[in-house]
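Shown next as structure tokens: one chain only, the form predicted on its own.
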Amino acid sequence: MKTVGTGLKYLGLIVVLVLAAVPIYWLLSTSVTSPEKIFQFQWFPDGLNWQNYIDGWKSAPFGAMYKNSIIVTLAGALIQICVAILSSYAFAFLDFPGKRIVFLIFLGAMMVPGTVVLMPNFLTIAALGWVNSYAGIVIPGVGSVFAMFLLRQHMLTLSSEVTDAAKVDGANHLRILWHVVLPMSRPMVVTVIVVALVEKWNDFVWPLVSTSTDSMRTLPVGLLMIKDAQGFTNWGAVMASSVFIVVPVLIVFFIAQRQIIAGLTAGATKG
């Protein structure tokens, strides 16, 4: 009976692996397939057509879009992490009036679809003169309730004896956060950083709304420009352009996958 259960587990893992790997393989194989053979079924490409990558690169200003995506992603993720760490520490270790009510309001904000706040955010950055600027893309997204919630849940699992000992030694809250809490929360912090990086890198709607020139577009928005430029006749170039966007995310995930798994499993143990 135990052998059957183990076999079913491995079967389930294989199914999940296939479901995850097939779209990536299909993307990579289509990106090197000649346009006239894309709609013909074949397990492996009949020759490698690297011209798709050249056509895709020439269809949009990828150099400027890479620069914009890197700036927006790094700046947005850095500010978001700082805000999430400070707010989660406050909810986990500080006592202030209405803490529980404020936390519940924040949790309720997680249920609000992002499209609902598009118009208020746009009117705000328009009033500040930030339309079509890095500040206009980055600032509205620096607050993440999900990141704060994950970090707060993990901080609640930390031993109070360690933080109490630091207080006895005369450490203030910032020193406790920097020298005690953050080193003990490294897996969760790495998880939140990776989630923030992927979220900022893949964001499509807000950069599309808040920018108006090609020089300020990010990579996901650029993919739409490529589809319009190549039309529906050169899907190989569209797929090759998609590879430009996906590869950096996959590299970050493979590098930090152990920290991500450790952080997610550690953060779900205490409410």
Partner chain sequence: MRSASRTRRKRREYLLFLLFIAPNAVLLAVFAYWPIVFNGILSLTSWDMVSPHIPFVGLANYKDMFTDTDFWWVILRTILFSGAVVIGCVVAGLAVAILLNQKLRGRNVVRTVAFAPHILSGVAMGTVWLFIFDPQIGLMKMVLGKIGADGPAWMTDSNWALAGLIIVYLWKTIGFVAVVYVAGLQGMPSDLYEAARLDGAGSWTLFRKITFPLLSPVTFFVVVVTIVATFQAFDVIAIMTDGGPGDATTTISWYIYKEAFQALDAGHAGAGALVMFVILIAITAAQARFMERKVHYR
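None of the values given here were measured: they were computed from a predicted structure. In this text, rigid core is short for the largest set of C-alphas that superpose within 1.5 Å between two forms. Positions refer to the first chain, counted from 1.
Below, we turn to the form predicted in complex with the partner chain, even though it does not appear here.
Proximity of residue 140 to the partner chain in the predicted bound form: non-hydrogen atoms within 4.5 Å are present. When contacts are judged by a 4.5 Å heavy atom cut-off, residue 44 does not count as touching the partner chain in the predicted bound form. Interface residue remark: residue 209 is counted as part of the site for the partner chain in the predicted bound form, having a heavy atom within 4.5 Å. When contacts are judged by a 4.5 Å heavy atom cut-off, residue 161 does not count as touching the partner chain in the predicted bound form. Listed stretches are 180 to 188, 69 to 77, 196 to 204, 153 to 161; the contact stretch with the partner chain in the predicted bound form is 196 to 204, by a heavy atom cutoff of 4.5 Å. Applying a 4.5 Å heavy atom cutoff to the partner chain in the predicted bound form picks out 16, 17, 19, 20, 21, 22, 23, 24, 26, 27, 30, 38, 39, 41 from 15 to 41, in order along the sequence. Core-superposed comparison between the shown form and the other one: CA of residue 204 displaced by less than 2 Å.
Core-superposed comparison between the shown form and the other one: the Cα of residue 108 travels 2 Å or more. Fitting the two forms on the rigid core leaves the C-alpha of residue 214 displaced by under 2 angstroms between the shown form and the other one.
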